[in-house]
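Shown here is one chain on its own, the form predicted alone, set out as structure tokens.
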Amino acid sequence: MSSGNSNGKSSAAGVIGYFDSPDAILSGMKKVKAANFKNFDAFTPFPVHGLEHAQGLKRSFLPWVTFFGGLTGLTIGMGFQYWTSAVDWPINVGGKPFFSWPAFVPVAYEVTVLLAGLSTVAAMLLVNGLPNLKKRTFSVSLTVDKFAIIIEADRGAQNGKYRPYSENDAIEVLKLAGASGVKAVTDSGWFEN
């Protein structure tokens, strides 16, 4: 795998700290959040309730994408059936009205579910930056049996809103947050245990 730098040297990817339990990572995340770094994340083998609040993550907008995708599907499903039955090719079948909406419900329901599901998956892939072909995990067992917080090295101009990244500073913050082990990782150090 090529290094992250054009001159052959590997560049710093960040600092990773390992924690012993869900409570420890939850407490540590609050301290890392308070340190005000721009890019940091947690890795756990199972969901740790409250971790998203400790990290300061906001509620996802994906439910709104699902709602509007479903609403679009309902509109398309009912509109297409109305157009074909009452406008484009109206046929009087047994004296029923041209817009016989109870008969249209199954198709409209299926199109609603289809577009809600597809729009949710598409938005989720877009928001999460998937498929992720460049960034790899720093440890194969990171989400199998370890709890970890990584403070990533900033790439680009510093914003005065956040604390500037320094490897020594990040190591110190993770140690103060209660990490049982801390190490710096580079772009070429993928899949090291």
Partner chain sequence: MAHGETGKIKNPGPFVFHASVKSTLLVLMIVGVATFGGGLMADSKRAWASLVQNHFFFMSLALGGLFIAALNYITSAMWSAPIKRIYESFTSYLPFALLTFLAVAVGIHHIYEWSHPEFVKGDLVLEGKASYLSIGFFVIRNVVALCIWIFFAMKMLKNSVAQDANGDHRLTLKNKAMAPVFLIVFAITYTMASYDQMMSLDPHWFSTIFGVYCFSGLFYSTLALTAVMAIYLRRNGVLQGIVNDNHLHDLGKFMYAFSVFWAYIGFSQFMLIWYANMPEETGYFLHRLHGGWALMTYLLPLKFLVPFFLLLQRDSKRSESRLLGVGLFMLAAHWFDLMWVVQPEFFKEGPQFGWIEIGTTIGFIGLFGTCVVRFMGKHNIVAIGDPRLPEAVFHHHQ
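Just so you know, these numbers come straight off a predicted model, no measurement behind them. Residue numbers count along the first chain shown, from 1. In this text, rigid core is short for the largest set of C-alphas that superpose within 1.5 Å between two forms.
The same protein also exists as the form predicted together with its partner chain; that form is not shown, yet it is the one meant from here on.
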Problem - Listed residue that, although its partner chain is not shown, lies within 4.5 Å of it in the predicted complex (heavy atoms), from Gly117, Gly79, Pro90, Pro106 - result: Pro106
Exercise for the section: Evaluate Ala42 for contact with its partner chain in the predicted complex, applying a 4.5 angstroms cut-off between non-hydrogen atoms, and reply yes or no. Expected result: no
Handout entry: Heavy atom of Lys38 within 4.5 Å of its partner chain in the predicted complex
Key = no
Problem - Exercise: Gly50 in contact with its partner chain in the predicted complex, heavy atom 4.5 Å - result: yes
Problem - Arg59, heavy atom within 4.5 angstroms of its partner chain in the predicted complex - result: yes
Handout entry: Stretch in contact, per heavy atom within 4.5 angstroms of its partner chain in the predicted complex, of 51 to 59, 124 to 132, 143 to 151, 162 to 170
Key = 51 to 59
Problem - Contact set, 56 to 88 vs its partner chain in the predicted complex - heavy atom within 4.5 angstroms - result: Arg59, Trp64, Phe67
Practice task
Would you tell me if Tyr109 moves between this form and the one not shown by 2 Å or more at its C-alpha, with the rigid core held superposed?
Solution key: no
Problem - Val93 C-alpha shift between this form and the one not shown of 2 Å or more, rigid core reference - result: yes
